[in-house]
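Next up: a single chain in structure tokens, the form predicted alone.
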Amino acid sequence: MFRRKAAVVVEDKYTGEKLAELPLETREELRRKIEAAFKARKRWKLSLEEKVEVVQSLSRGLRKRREEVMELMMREAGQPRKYAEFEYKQAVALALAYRSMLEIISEKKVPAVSGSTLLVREPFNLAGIMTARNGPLIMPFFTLTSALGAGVASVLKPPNAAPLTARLVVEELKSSLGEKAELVQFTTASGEDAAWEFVENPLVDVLVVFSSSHIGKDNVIKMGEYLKRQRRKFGGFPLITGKLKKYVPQMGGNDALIVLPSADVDKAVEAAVVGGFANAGQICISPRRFLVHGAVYEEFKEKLVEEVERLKVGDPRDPETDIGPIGSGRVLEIVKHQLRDAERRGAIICGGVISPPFVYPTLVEFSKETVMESEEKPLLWAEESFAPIRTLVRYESTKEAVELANDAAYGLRASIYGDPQEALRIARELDVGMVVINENPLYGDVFMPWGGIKDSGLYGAIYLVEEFTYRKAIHVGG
């Protein structure tokens, strides 16, 4: 009897309507794509001008298909139009600054005791890239163009829950590359199969993963298990023949938003609402823990509740919608546990309603003793909440603010509002890779390094284009 090949079914996250059915690729099919990309990398080398023209062509293609791109983001990822437009503009802005971005990897002279030393960046051959559903456009766009700029071939594995926007980006990029199109590949293999193939395949040099911290750490386990299987003994001495990979995890966050007594409260509230609740709170750099000084706490709380209760929940395609659907049933289950725990440990001051596929915007108030002194910390405080649920805590001193902000397994980003000089002093004490001061918490541009520490990443703030290269020192005697 003929057996039908497994498929990836992509659904509208609001209506549940089937948008597409793609074949679920096997590891063998993925392996062939890796080989094709590797061969293309050995055959083709793009000049700076060619790279710039390819990305400008990609940008033109996306502008021509703008409404199609927007529709895909709203339907497969559940992004409200307001946020989809924000993500689209970020991608276009990156394309405009692409030439300047590539200057980051230009060769540089470094000090030498005698003669001269040149520090150059050489490209790796091939990168495996895994992106997440909450950034269906910007993640593949930024990562693929960074790899291209470095001179690296790439194989993209988007989330099978939302692969269509990424597929469109790859289509446009391939079209822009013309005869060099095989430098970029797209796969619908399962996340587990793709992770194992990227870890085990000797043609893959770099693995870039956008994911939760738990998936990111699971990849480290995979790498260890793979290397353990490659352990051999030669003449009684242990040898491990498996290949080491450069691993670049961009993982979750549990960011603090700190409001100083000197803050403009209205602006701080606006930042908390825009940053904390955009895309239904499903952004890694979204502030999740609002830490507010006692001098402005009640004013901030009152105004914040008023603004949060105004947020509109509904159809992502409605231009007035602020909060769209949660894109994962698994996330909804986790949120239920977080809210039950919050009801027991704190006060839900607004929201608290789950009506699948929606989580209504919610604020939970915890005392600093509950989060700092409890043997078992509240789930909403200890773990990233990938939903529009945010916690509010009052502090009384700078020391308390820093302790509360650093009381997290994550270290992605923080935002601070108030006197810039005081904010700068606090920023230096925070265990995070990025800090923004008196700015939109979601701020980012092509020139700003990105990344975290602890359970958010390995390297802190980095330029992704650099991570596709290795450093080579060339010394000339004099």
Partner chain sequence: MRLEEYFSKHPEIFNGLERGAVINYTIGERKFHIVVGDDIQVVEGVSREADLEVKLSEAAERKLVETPPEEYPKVFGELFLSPEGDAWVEIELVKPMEELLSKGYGEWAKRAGVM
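Residue numbers count along the first chain shown, from 1. Just so you know, these numbers come straight off a predicted model, no measurement behind them.
The form predicted in complex with its partner chain is left out here; the points below concern that form.
Chemist: So if I measure heavy atom distances to its partner chain in the model of the complex, which of the stretches 407-415, 426-434, 35-43, 62-70 falls within 4.5 Å?
Modeler: Going by heavy atoms within 4.5 Å, the stretch is 62-70.
Chemist: By the heavy atom within 4.5 Å rule, which residue out of 120, 92, 348, 295 makes contact with its partner chain in the model of the complex?
Modeler: After the contact test, the surviving option is 92.
Chemist: Heavy atom within 4.5 Å of its partner chain in the model of the complex: which of 239, 96, 110, 221 fits that? Just give me the one.
Modeler: By the 4.5 Å criterion, the partner-contacting residue is 96.
Chemist: If you check in the model of the complex, is residue 395 within 4.5 Å of its partner chain, heavy atoms only?
Modeler: Residue 395: no contact with its partner chain in the model of the complex.
Chemist: Under a 4.5 Å heavy atom criterion, is residue 88 part of the interface with its partner chain in the model of the complex?
Modeler: Yes, contact at 4.5 Å.
Chemist: So, in the model of the complex, is residue 367 in contact with its partner chain at a 4.5 angstroms heavy atom limit?
Modeler: Because no heavy atom of residue 367 falls inside 4.5 Å of its partner chain in the model of the complex, the answer is no.
Chemist: Hey, in the model of the complex, does residue 374 get a heavy atom within 4.5 angstroms of its partner chain?
Modeler: Contact with its partner chain, no.
Chemist: With its partner chain taken in the model of the complex, which residues across 25-49 come within 4.5 angstroms through any non-hydrogen atom?
Modeler: Contacting residues: none.
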